[in-house]
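Okay, so we've got the same protein chain twice, two forms, each given alone as structure tokens, structure 1 and structure 2.
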Structure 1
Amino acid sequence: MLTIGLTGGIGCGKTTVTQLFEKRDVPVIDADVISHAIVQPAQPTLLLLKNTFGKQVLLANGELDRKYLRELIFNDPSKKETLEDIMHPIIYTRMHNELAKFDSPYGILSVPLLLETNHQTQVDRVLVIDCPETDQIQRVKTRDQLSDQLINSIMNAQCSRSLRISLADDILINNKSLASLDTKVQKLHEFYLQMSAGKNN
């Protein structure tokens, strides 16, 4: 199966684009969904986090205390690195395993931090969803009601727009209507189908 790594900065419209691919029966595995699933109560990853960071990372009901963990790693880069060293290999292994269950010409791994984690080497093509930074900020403000300061800190934690574009095989610019976006997705869909037919010949 041809594997497409889909990524983009916050507010660029990754979810909308993946939904348009799913409408065309393309399997999409989302890193955010997987990262939530593996830290549910009784999951081995949650036990690993408890053993690494202490039982304070759990709420009274046994669920992960995301707020505590977020503050813990925000104030300590070494703890952030430890968390990533635990989570990323598990997430990626699960994502590739899930995708392998589908019988499809191509599939998509949707990963916000694809390039930051250097995982572009494990996919066949990198698809970057891009839009002007002013659009990103406006969309995130409308969607998540976050302050400019918090949005900027999230954007600064991600790799730069120029680096994303330089590492992309395909770029989908999401700055117009949904209908325009749908047309662009259709063109890419046809291109990936052709490419996967060539790969399997």
Structure 2
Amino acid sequence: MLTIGLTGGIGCGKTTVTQLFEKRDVPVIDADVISHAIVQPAQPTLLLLKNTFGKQVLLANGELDRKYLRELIFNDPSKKETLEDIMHPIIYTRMHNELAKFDSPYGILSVPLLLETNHQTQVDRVLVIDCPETDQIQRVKTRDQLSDQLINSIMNAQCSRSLRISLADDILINNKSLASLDTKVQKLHEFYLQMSAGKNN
């Protein structure tokens, strides 16, 4: 299956765009959903985290103590690397397996930090959802009521707009109405269908 990696900065419209692809029966696997699923109680990945970082990573009820883990890796970059070395291969294997369950010409892996974590080789094409930074800030402010300061610090932790665009195979600019976005998604959908037909010949 032709595999598209969909990514973009905070508030650019990744979720909105994935919904428009889903409306066209394109399977979408979300990295955030998978990364939560694999650390549910009794999952092997959770046991792996406990064996690596100690039993303090578990709450009394057996769930992952996200706050503890976040603080642990925030204070120690080598632990952050260890965590990523454990999680990323499991996440990508699971995402590819989930996608393979669909009988579809192409599918989408939605990965907000695809480029920041240098995983573009996991997909056939990188699709970047892009919009002006002023739109990003405004949309996130309206949606989540976050402060400018917090939004800026999240944006600064993500890769720059120019780097993201330079690594893209396809760019979807989400700077107009939702109707115009829908039209752009339709064009891209037709392009991916054509491309996947070529891939299978």
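Numbers given to residues start at 1 and step along the sequence of structure 1. Here, rigid core means the biggest group of C-alpha atoms that superpose within 1.5 Å across both forms. Nothing here was measured: the structure is a model prediction, and the numbers come from that model.
Here the chain coming from the form predicted together with ligand ATP is structure 2, while structure 1 comes from the other form. A movement of the C-alpha atom of Val28 falling short of 2 angstroms is seen between the two structures when the two forms are aligned on their rigid core. Taking 2 Å as the criterion, Ile137 counts as shifted between the two structures: its C-alpha moves by at least this amount when the rigid core is aligned.
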